[in-house]
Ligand code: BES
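Quick setup: one chain, the form predicted alone, written in structure tokens, and binding and motion questions come after.
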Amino acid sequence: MASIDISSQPGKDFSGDVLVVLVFSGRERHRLPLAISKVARQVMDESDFKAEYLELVPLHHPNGVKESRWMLLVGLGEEEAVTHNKLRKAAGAAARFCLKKGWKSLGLVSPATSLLDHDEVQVAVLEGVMLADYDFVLFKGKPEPKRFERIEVFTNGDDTRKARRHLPQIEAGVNACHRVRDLANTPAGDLYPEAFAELAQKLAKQHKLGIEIMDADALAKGGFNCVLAVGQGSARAPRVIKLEYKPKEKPKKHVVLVGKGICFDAGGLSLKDASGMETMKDDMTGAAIVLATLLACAEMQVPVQVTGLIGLAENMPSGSSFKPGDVLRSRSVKTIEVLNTDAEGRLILADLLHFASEMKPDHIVDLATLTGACVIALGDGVSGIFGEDQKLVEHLLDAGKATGEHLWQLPLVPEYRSALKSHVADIKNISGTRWGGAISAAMFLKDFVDHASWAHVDLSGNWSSTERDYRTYGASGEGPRWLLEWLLS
């Protein structure tokens, strides 16, 4: 990771590759340090730069700023519309531009505004740059990642003490985000259940987490029949991982995080079409989030006991695959009629949520790339959240808002449960209708939760089909930052 500093200096003497200046439209440019303001005023007066939101204008060797090779003006739009996330995205867009230019040392002039606290502005700007500072090159012929070596935020005299206190959480959250990106971007041929488990064991040891890995024999003894069924069509046997973080002091609460880890989803015998499989290496994003969050908890020493449950399998077609029409006896002893083997994530979670409920924690939160229906409803930038403990849901929504990772509450509709009635089992794994698929999936999961405080997050915002602001193409890495925000609060 780049060296990072927050300075109370104005930035005009920054010595590095590029000085990024975040500018509001209108007269707000005059609040900039004098030497920088002259440059901004000149290009704005000549209408070469209107400071519209996410507008970028690079200037080479601008007059009055002789130390840096380049200046990059970044538009923020009208000050009245400023938000933390707009600052985060503007700084991220600027950082992506700089990385593509190969610039290694970056200075940023934090914008002055009376509408937000100074430390919050500084934190948002720094987060945007650090989230953008990512390049997945593991499988390039010559892996030379374009990453920053130095990042410095200038505040033009503002107090930096509060922002500096946020640095450990920013770094832990961003590191966890990048870890999720790495895992979800890695091809399934390299990250299969056993490989994921081995990596988790190595990282758990480094971070002093407790870990238990259950192989196929242990899963059979433990009654994880749904996990075994999903994985039985693959040559790679499934795994379940239990991670444990405990604070040094008596924990305030106990939280269990449950992650879906389908390392590759071909759909099983209900085979997906070719285009539907193209990004299915990311179907283990929930598992990646749980692992990355537990590691971040250890780094930050959060005051909460956190258990992570990760179900890992490959959903493949073969002569040994589970079949439409099969009836599975879940860990809870409830039976499930399988009508579509491509609705496999909920089967994995059925076993894990029952396991989590037995621990009697204060809260259970599961995270899963569960339904295409949620992506259709909310797009690829917002994840859906379900739950009957409204206080828990609102806390998670607040954490998402604070970190700029969008969550939107969707309803648990009791009437939809009737669509999951089976003639031969206690429940069937799909409703048989196209409508409300994300809700019926959540209602299915609810059958296996014996706990009053549970939330289900359908990760529709986990993959970005295009690069935008601080999000690169591919896995977004969203999840650990808002979970860490919630756990620390």
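Residues carry their position along the shown sequence, with the first being 1. Since we're looking at a predicted model, the values are computed, not measured.
Another form, the form predicted in complex with the named molecule, is not on view; read the next lines as being about it.
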So which of 369, 330, 155, 403 gets a non-hydrogen atom within 4.5 Å of the named molecule in the predicted bound form? 369
Given that the named molecule is left out here, which of 430, 425, 43, 57 has a heavy atom within 4.5 Å of it in the predicted bound form? 430
Can you work out whether residue 300 and the named molecule are in contact in the predicted bound form, taking contact to mean some heavy atom pair no more than 4.5 Å apart? no
Look up in the predicted bound form whether residue 377 has a non-hydrogen atom within 4.5 angstroms of the named molecule, and give yes or no. no
Might residue 346 be said to contact the named molecule in the predicted bound form, defining contact as any heavy atom within 4.5 Å? yes
Residue-level question: is residue 342 within 4.5 Å of the named molecule in the predicted bound form, judged on heavy atoms? yes
Between the named molecule and 272, 280 and 460, in the predicted bound form, does every residue show a non-hydrogen atom at 4.5 Å or closer? yes
Using a 4.5 Å heavy atom cut-off, indicate which stretch of 354-362, 70-78, 259-267, 190-198 touches the named molecule in the predicted bound form. 259-267
Determine the residues of 286-305 with a heavy atom within 4.5 Å of the named molecule in the predicted bound form and present them in sequence order; the list may be empty. none
